[in-house]
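This document starts with one chain, in the form predicted on its own, laid out as structure tokens.
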Amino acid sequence: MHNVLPPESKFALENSCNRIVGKTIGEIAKTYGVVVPKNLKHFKGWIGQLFEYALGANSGSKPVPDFEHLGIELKTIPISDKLKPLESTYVCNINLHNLVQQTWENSLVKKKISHVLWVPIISISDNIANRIVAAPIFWRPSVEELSVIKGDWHELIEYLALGQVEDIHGKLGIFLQVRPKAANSKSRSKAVNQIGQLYKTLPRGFYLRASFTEQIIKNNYL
């Protein structure tokens, strides 16, 4: 497996993306000597990691966009043949026990969604290797979209800051929501309850709703 250098510019990244449009996951994995898993049950995030490698994403596990020097976040998204996202899109983890000095402007959510490279994967086959890469989308949220996401973030952060982690439910948030983010049901993260005591609960993450990402894809494709 050879090292893939980070793209020097957005133009270079676009060219790299265009070279893999129409290819299958299996073909891309073979190029880099990677074995495709039979299913993703125990390999969550594997497809995203494959594309991070193939396109030269260089942020690693740092809390910054995947292409740090370009300020661009990479998001793969499984879609049906009718352009419908098959799941919500993970944005970032939430540090449940340290929300001090969190503001929208310095939030990881804002950093991650300010400029996104969406790589839709047509996932009509159960065989992961046969799934096909669709045309990439470089997206920045509109003023209106960003305003809604900001409002969602403030609402959800208020719950978290008040120690009401367990009160957050799936209907909160118009575009942005909080959901459990765990490798398995035994995973635990430190959180603070309403009286300031630490306790352990399922890790949480911020996600973009599938209904919102469907708008992004259809607006760009149609």
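Start at 1 with the first residue shown and count on from there. Just so it is clear, the model here is predicted, and its values are computed rather than measured. The term rigid core refers to the most C-alpha atoms you can superpose between the two forms while keeping them within 1.5 Å.
One more form of this protein should be noted, the form predicted together with the DNA, which is absent from this view; the next part is about it.
- Shown without its partner, this chain lists 129, 99, 148, 92 as candidates; in the predicted complex, only 92 has a non-hydrogen atom within 4.5 angstroms of the DNA.
- In the predicted complex, the DNA sits within 4.5 Å of a heavy atom of residue 84.
- Contact check for residue 193: every heavy atom lies farther than 4.5 Å from the DNA in the predicted complex.
- Among residues of the shown chain, residue 62 is one whose heavy atoms approach the DNA to within 4.5 Å in the predicted complex.
- Residue contact check for residue 154: none of its heavy atoms lie within 4.5 Å of the DNA in the predicted complex.
- At a distance of at most 4.5 angstroms from the DNA in the predicted complex, none of the three residues 14, 24 and 125 contributes a non-hydrogen atom.
- Residues 169, 170, 171 of 153 to 174 are found to place at least one heavy atom within 4.5 Å of the DNA in the predicted complex.
- After superposition on the rigid core, the Cα atom of residue 69 is displaced by less than 2 Å between this form and the one not shown.
- Relative to the superposed core, residue 192 undergoes a Cα shift of 2 Å or more between this form and the one not shown.
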